[in-house]
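Coming up is one lone chain in structure tokens, specifically the form predicted alone.
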């Protein structure tokens, strides 16, 4: 668990014509310890860039980021990438891809495998082909392997870039519930990108609405639905009361 403070972050990239494209414009954000925060905004506005900056994968131009008053590099950060298949090692079986995040553990390989099988079984996915290689699996299965590798690592901060985008609707709903079950046990601080507003509301404590590029924070919405959450909430009046003003503001953002 960790407290994250993002202050006045700006980021620009140089395009092929040697011009400059500003992607982030004075982004300020605080995440409380153990908080689940979703980022929602137009396509291409800079959501992934913001996650990369927090992770220390992309240098920013101005501002500062601290995690528990330390540099991000000093913190235990997990990252589930949008291009999940590129993050998997094709020469390792799925179970060893997941175990890779446990390399610093003093457990034996057998103990790690036992823990992983128990973990996958506990969240209701005992059918996941742990003894196959990623290339032998569907995109959705590969995405789950990438997700479980980070969850079993129990990071202080978990960054997630549309982690369920490749799953069919039924599996997506199931994995949203499973993610919440895992998070309620670990209470990692989560920064989660979603392009599905229903998903963001269902999962998060807060939703950050970003503008068109260059991204700045338009508004922050508190999601005061009770926990633990069940998918039936998506059909309830309280859910729609939360959704309507966010959707209205989002439509204003994309119409500018």
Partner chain sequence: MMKSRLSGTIIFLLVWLLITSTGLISQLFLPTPVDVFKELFLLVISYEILYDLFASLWRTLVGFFVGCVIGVSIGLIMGHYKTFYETMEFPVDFFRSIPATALFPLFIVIWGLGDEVKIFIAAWSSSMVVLINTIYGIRNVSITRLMVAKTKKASFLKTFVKVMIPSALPYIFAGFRIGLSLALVVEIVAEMFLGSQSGLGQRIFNASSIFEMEEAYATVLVVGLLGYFLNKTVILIEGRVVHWSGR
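The term rigid core refers to the maximal set of C-alpha atoms that superpose within 1.5 Å between the two forms. What you see is a predicted model, and the numbers here were worked out from it, not measured in a lab. Positions refer to the first chain, counted from 1.
Absent from the display: the form predicted together with the partner chain. The rest refers to it.
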In the model of the complex, does residue 225 have a heavy atom within 4.5 Å of the partner chain? no
Would residue 108 count as touching the partner chain in the model of the complex under a 4.5 Å heavy atom rule? no
is_contact(residue 57, the partner chain) in the model of the complex, heavy atom dist at most 4.5 Å: yes
Is there a heavy atom of residue 171 lying 4.5 Å or less from a heavy atom of the partner chain in the model of the complex? no
Mind checking whether each of 73, 85 and 88 has a heavy atom within 4.5 Å of the partner chain in the model of the complex? yes
Have a look at 117-125, 175-183, 144-152, 162-170 and name the one stretch with heavy atoms inside 4.5 Å of the partner chain in the model of the complex. 144-152
Post core alignment: residue 86 C-alpha displaced by 2 Å or more between the shown form and the other one: yes
Determine, after fitting the two forms on their core, whether residue 185 shows a C-alpha shift of 2 Å or more between the shown form and the other one. no
Classify residue 71 as shifted (yes) or not shifted (no) between the shown form and the other one, where shifted means its C-alpha moves by 2 Å or more with the rigid core superposed. no
